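Have a look below at one chain only, the form predicted alone, in structure tokens format.
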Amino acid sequence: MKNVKIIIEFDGTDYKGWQVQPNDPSIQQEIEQRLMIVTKEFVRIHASGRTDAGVHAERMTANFEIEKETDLSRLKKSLNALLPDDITIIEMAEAPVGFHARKSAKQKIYEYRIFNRKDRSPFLRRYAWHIRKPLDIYSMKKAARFLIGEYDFTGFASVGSEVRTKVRTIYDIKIEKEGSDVTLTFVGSGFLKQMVRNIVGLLVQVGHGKFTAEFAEVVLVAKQIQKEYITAPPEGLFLKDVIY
């Protein structure tokens, strides 16, 4: 068996996330179907994680095993020729036998993009959260500092999130503003379902003065989902990279 590592770039707008769905399109299903056409094998892909419906990726890592000896450069070219225009395999290479896209991952980097001006942009409607009211970036940065470290992030998990532990480590949260563009970059050991979007929603409300910066710590310590904060929409979220 040959273990193959791939890096995928995709626009998640028209998909119900990464994972195969019974009646809805998914990134995983699109790639697996094309792989079976090209390799004539049933191939199961293991991704570094699951993205939600509408979320994008610039460098999603995945791996799969194939039995036949295959020219990977030709396989990549054939696969991209069959995939829809919103999914592209940008790298493909043989990986060590023990490599697993999810289990071997050390860090994940997500980026959330906000377009902060009164008038919307027709060009960014699929790739950023349009927020009309000005944001207090200083207060958002102050709130973000409470979330850096190893904590139980139950208060920022989605309802029904079933995992063995909700303890995660956030190494850095960077918030930058340039003109109307606000970018929030998250570096962590891993993230719970909708965790980044929930944190962004709270930080935006801090930026609008609804909460003080210290409310981020209140949610963290309470270890329960708070109804007060909102969840940021999926279109602004990008998986930037996975570190091994």
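These numbers were taken from a predicted model, which means no experiment stands behind them. In this text, residue numbers run from 1 along the sequence as written.
The same protein has a further form, the form predicted in complex with another copy of the chain, not shown here; the description that follows concerns it.
request  = Please check if residue 149 has a heavy atom lying within 4.5 Å of any heavy atom of another copy of the chain in the model of the complex.
outcome  = Looking in the model of the complex, residue contacts with another copy of the chain do not include residue 149, since no heavy atom lies within 4.5 Å.
request  = Decide whether residue 86 counts as a contact residue for another copy of the chain in the model of the complex under a heavy atom distance cut-off of 4.5 Å.
outcome  = Contact check for residue 86: yes, within 4.5 Å of another copy of the chain in the model of the complex.
ask   = So, in the model of the complex, is residue 119 in contact with another copy of the chain at a 4.5 angstroms heavy atom limit?
value = Yes, residue 119 is a contact residue.
message = Is it the case that residue 9, even though its partner is missing from this view, gets within 4.5 Å of another copy of the chain in the model of the complex, heavy atoms only?
response = Heavy-atom contact with another copy of the chain at 4.5 Å: present for residue 9.
message = Just to confirm the contact call: exactly one of 207 to 215, 173 to 181, 51 to 59, 194 to 202 touches another copy of the chain in the model of the complex at a 4.5 Å heavy atom cutoff, so which is it?
response = Stretch with heavy atoms near the partner: 51 to 59.
task = Flag this candidate site as yes only if 90, 125 and 238 all have a heavy atom within 4.5 Å of another copy of the chain in the model of the complex; otherwise mark no.
result = Yes, the whole trio is in contact, each within 4.5 Å by some heavy atom.
Among the candidates 168, 76, 141, 108, the residue which, in the model of the complex, approaches another copy of the chain to within 4.5 Å (heavy atoms) = That would be 76.
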